[in-house]
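One chain is shown next in structure tokens, namely the form predicted on its own.
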Amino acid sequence: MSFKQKNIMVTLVNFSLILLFYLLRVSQLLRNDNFSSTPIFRLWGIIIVMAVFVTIAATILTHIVSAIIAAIRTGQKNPKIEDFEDERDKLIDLKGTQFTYTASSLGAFVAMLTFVFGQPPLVMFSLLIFFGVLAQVMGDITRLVLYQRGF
């Protein structure tokens, strides 16, 4: 697995877990009739902190583990990690980003429709967060599929 694929896999797992946590927490708030601004704002803060800090920590940990495994395999003290990016990598990243933006835009449209149909603004903003994280997961899946195809 290439350096880029490992990074994509780390973000995919991270954002999938964040999405699962968000869905479970929102469903719990809905079941307890506690879908109000205070717990939702707290949940948004947790999601943002998880997205930033857990992704950074997981990426760093993945690089460290990869370097250790490469050092054990090759027997070198400072193994080379191939982290260069060619045109194919850039094209795959652009296609994944395009898919992410398209999915996020469609999600924003759906969220705005809920506001038009009389739902409270809290529902609209909760859907914006949901579709933003979902779009990131879908973009990472697209990137991995393109790498597997050899595009």
Partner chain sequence: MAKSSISNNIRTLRFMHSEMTQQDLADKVGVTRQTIVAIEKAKYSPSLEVAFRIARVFKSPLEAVFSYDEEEESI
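Numbering follows the first chain given and starts at 1. No experiment lies behind these values; they were computed from the predicted model shown.
Another form exists, predicted in complex with the partner chain; not displayed. Remarks below refer to it.
When the partner chain is considered in the model of the complex, only one residue from Phe84, Tyr101, Phe109, Phe41 comes within 4.5 Å through any heavy atom, namely Phe84. With the partner removed from view, the residue among Leu91, Val65, Ile56, Val116 that has a non-hydrogen atom within 4.5 Å of the partner chain in the model of the complex turns out to be Leu91. Taking the partner from the other structure, the partner chain in the model of the complex has a heavy atom within 4.5 Å of a heavy atom of Lys80. Contacts to the partner chain in the model of the complex (heavy atom within 4.5 Å) from stretch 133-151: Arg149, Gly150, Phe151.
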